[in-house]
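Presented as structure tokens, the chain that follows is alone, the form predicted on its own.
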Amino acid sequence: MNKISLAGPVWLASDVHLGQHTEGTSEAFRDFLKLAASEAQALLLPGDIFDAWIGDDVAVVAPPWLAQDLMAIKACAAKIPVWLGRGNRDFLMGEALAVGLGARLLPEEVLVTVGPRTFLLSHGDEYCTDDVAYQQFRAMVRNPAWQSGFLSRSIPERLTLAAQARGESMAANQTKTSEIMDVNADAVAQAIRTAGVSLIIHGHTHRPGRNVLNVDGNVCERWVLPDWDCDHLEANQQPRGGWMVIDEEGPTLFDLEQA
């Protein structure tokens, strides 16, 4: 398995879902990047930083909202190491984007060592095995042949297809139970066994927090990173978002109010 060793503190954030209509979230994320650049030794972004990513060539002709967010990531990467992970929304991020931002790409699953602690990091969607339809879709869009065919289309065509896929996904999710869209306990346990760790960190499920589980008689932890939304809120809802800091003391979650 791929391995990364970093000096702490290391910061992690995922599921920011930046897009054309996320002005508030984008502003909060840019503030977060400035804070990370001044206080973290490295920043890991394991997936769904963007609500959709249709190919690295979009960065060359980026609309103003995207250009501003990319510049903020690049400015952070100029000060500390930044690693970009691919989620279920931005799985088409590639080496060209990473190089252009001065960042690096995270493997799909990676062992990260910070001080005395080693943990397994991923986006997390691969553990949602009860959602059979999604796993079939996931396998299709990660097939190199499918990606090559999609990327050969024009940018307008890709934007249209991405919007259609998102609409179909949202409609399908209305009929799924929350349990189906959460991680499968056996899949998580097997990932822990394979990696040989007692700590796993991921995003994707939008259920932030610490979960304790028993794997083969060993007490293990599964931490879920927060999702972000400062724009599409119902009445009385507070903006949400946050990140994790890992140092020699272990993981700690922070929310946007602490930015």
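The first residue of the shown sequence is 1; numbering continues from there. Remember, it's a predicted structure, so these values are computed and weren't measured experimentally.
Same protein, other form: the form predicted together with a small molecule, not shown, and the subject of what follows.
Of the stretches 184-192, 105-113, 69-77, 167-175, only 167-175 has residues with a heavy atom within 4.5 Å of the small molecule in the model of the complex. At a distance threshold of 4.5 angstroms between non-hydrogen atoms, Ala145 is out of contact with the small molecule in the model of the complex.
The small molecule is not drawn, but in the model of the complex it has no heavy atom within 4.5 Å of Ala98. By the criterion of a heavy atom within 4.5 Å, Leu161 is counted among the residues contacting the small molecule in the model of the complex. Not displayed here, the small molecule is kept clear of Leu84 by more than 4.5 Å at the level of heavy atoms in the model of the complex.
Annotation: in the model of the complex, residues Phe91, Tyr134 and Phe137 each come within 4.5 Å of the small molecule through at least one heavy atom.
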